[in-house]
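For reference, the chain that follows is the form predicted alone, supplied as structure tokens.
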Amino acid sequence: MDERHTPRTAPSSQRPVGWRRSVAALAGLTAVSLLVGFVWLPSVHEDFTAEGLWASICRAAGVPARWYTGGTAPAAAPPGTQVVLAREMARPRDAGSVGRGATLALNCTMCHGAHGMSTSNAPNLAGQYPEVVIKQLLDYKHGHRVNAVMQALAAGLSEQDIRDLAAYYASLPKARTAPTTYDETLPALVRVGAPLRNIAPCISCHGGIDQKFGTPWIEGMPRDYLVAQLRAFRSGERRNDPQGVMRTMARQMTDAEIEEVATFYARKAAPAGVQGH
């Protein structure tokens, strides 16, 4: 055989420097990608449960969880809420329902006040939309909103009890100021939101005019309560907002913005001495 036509491979020491640099760059890029994909990105997700590098690789490859967890897949996070809002929840109730609700509400007065106006760091319920009260009580009852006292109280309520309580609180006079309107000088987040950060204006859902079905009236709510709830939504501690709407908004809010919004709504409390009867 004529060896003149046999291709030869140059020794590695004789290969072009650029080729060696390309291989080194590719190896470096691969290493950085693995670190970002399997170490850094998972670590910044609040709902990520670290199970080691091997588990991360298996998840990325689509391997069934039971193969690398000893046959038991990790428990899925509970859903934020299973309540489906229906217009029927907002229909007026008869006097009997309101009366039964008033009796049941005797267990609620220590925190929510004798007439639904709290003197502690609990939400005001006087005149609250009935579907809001129904949803929150059902979420407490089924563990989708966490509070030791409220969960214990809601656990013993039937669905009829919950509807009666909602009817009673909705029937109470609204001992509060007029609803927020676009004519006021409002904080920016309340009036126009922050579109570039995917924050809708508060008034578009919580306004007395543009109230979105199922969202609470928050005028006059205790300031510390509003701050606590916004922070809970921001951290993901509270998860019972449908489709994660409030978590999406609050996640982008700064501490200063949370304080500003809470202070604005809290200042709209009823004048001193004015209570529902």
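As the structure is a computational prediction, the values presented were derived from the model and not from experiment. We number the residues from 1 along the sequence you see.
A second form of this protein, the form predicted together with heme C (HEC), is not displayed here; the remarks below concern that form.
Although the partner is absent from the chain shown here, Gly214, Met221 and Pro242 each have a heavy atom within 4.5 Å of heme C (HEC) in the predicted bound form.
Taking the partner from elsewhere, Pro123 is found to have a heavy atom lying within 4.5 Å of heme C (HEC) in the predicted bound form. In the predicted bound form, heme C (HEC) lies within 4.5 Å of some heavy atom of Met110. Contact annotation: His206 falls within 4.5 Å of heme C (HEC) in the predicted bound form, judged by heavy atom distances. At a distance threshold of 4.5 angstroms between non-hydrogen atoms, Ser171 is out of contact with heme C (HEC) in the predicted bound form. Of the residues given (Ala95, Ala155, Val149, Val84), Val149 alone sits with a heavy atom within 4.5 Å of heme C (HEC) in the predicted bound form. Of the listed positions (Met89, Ala167, Met117, Ile199), a single one reaches within 4.5 angstroms of heme C (HEC) by any non-hydrogen atom in the predicted bound form, namely Ile199.
Counting a residue when any of its non-hydrogen atoms is within 4.5 Å of heme C (HEC) in the predicted bound form, the hits in 220-235 run Met221, Tyr225, Leu226, Gln229, Leu230, Phe233.
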